[in-house]
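Next up: just one chain, as structure tokens, the form predicted alone.
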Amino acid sequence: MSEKAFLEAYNPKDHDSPLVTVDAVLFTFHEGALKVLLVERANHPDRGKWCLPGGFVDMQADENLEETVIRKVKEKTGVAPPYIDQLATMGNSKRDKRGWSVTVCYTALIGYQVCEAGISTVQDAQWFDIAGLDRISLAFDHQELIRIGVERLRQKALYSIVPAYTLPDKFTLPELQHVHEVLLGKPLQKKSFRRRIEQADLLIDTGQQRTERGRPATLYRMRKHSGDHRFVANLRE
């Protein structure tokens, strides 16, 4: 039999197929805390529980999984992530009450001010403080997916300034240091942190200032490829 004949006779329904979905772990930093974006489920299963934005692949509309996750996040939260990175794939017979399922989970960092207006128009989308999530019963295995996302971000905080993408476009060095301290769970030495950032030439001085605690603080923004820079030693050393 030729391949053409084989494909013409092939029926995908001859084999069991799992449910396939995507989920997104979107982080921001606001009011001194790392936060994740959740939506409230309107349908069974787990109706009324909070979960990550996501959903099923539309084989007619989506050319790839990245298109699926961006489409679902925008539909459910009003947020259009500027980029998306694949985080993890989870699949088993227990995670979804509807049956054997697989989710491909993505993650992104976004400034709170960038998406505040969009989220305010969606009633069932809300930012949640990471520190309080253990008191909430989330749908499916989304607690675990968020844990994986936080750990990925924590590792990046050790060797890069990637966490700066959770801040507004313009930020101060104390704000950048604080988001690293929250992720790493310990204070960093101010002079050492500032020296390593300046020596790596990762930021652009905007020429503007903001008053913090009665003192003016310089506002910076990221250089184009600053997120790709890796420090030789981690920022806690």
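Quantities reported herein were computed from a predicted structural model and do not represent experimental measurements. Note that residue numbering follows the sequence shown and begins at 1.
One more form of this protein should be noted, the form predicted in complex with a further copy of the same chain, which is absent from this view; the next part is about it.
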{"property": "Contact segment among 76-84, 122-130, 91-99, 109-117, judged by heavy atoms lying within 4.5 Å of a further copy of the same chain in the predicted bound form", "result": "91-99"}
{"property": "Sole residue of E181, D46, E175, E40 within 4.5 Å of a further copy of the same chain in the predicted bound form, by heavy atom", "result": "D46"}
{"property": "Partner contact for Q155 in the predicted bound form: a further copy of the same chain, 4.5 angstroms, heavy atom", "result": "yes"}
{"property": "In the predicted bound form, A200 touching a further copy of the same chain (heavy atom, 4.5 Å)", "result": "no"}
{"property": "a further copy of the same chain contact at P12 in the predicted bound form, heavy atom, 4.5 Å", "result": "yes"}
{"property": "4.5 Å heavy atom contact, V57 to a further copy of the same chain in the predicted bound form", "result": "yes"}
{"property": "a further copy of the same chain in the predicted bound form - contacting residues of 222-237, heavy atom within 4.5 Å", "result": "R230, F231, V232, A233, N234, R236"}
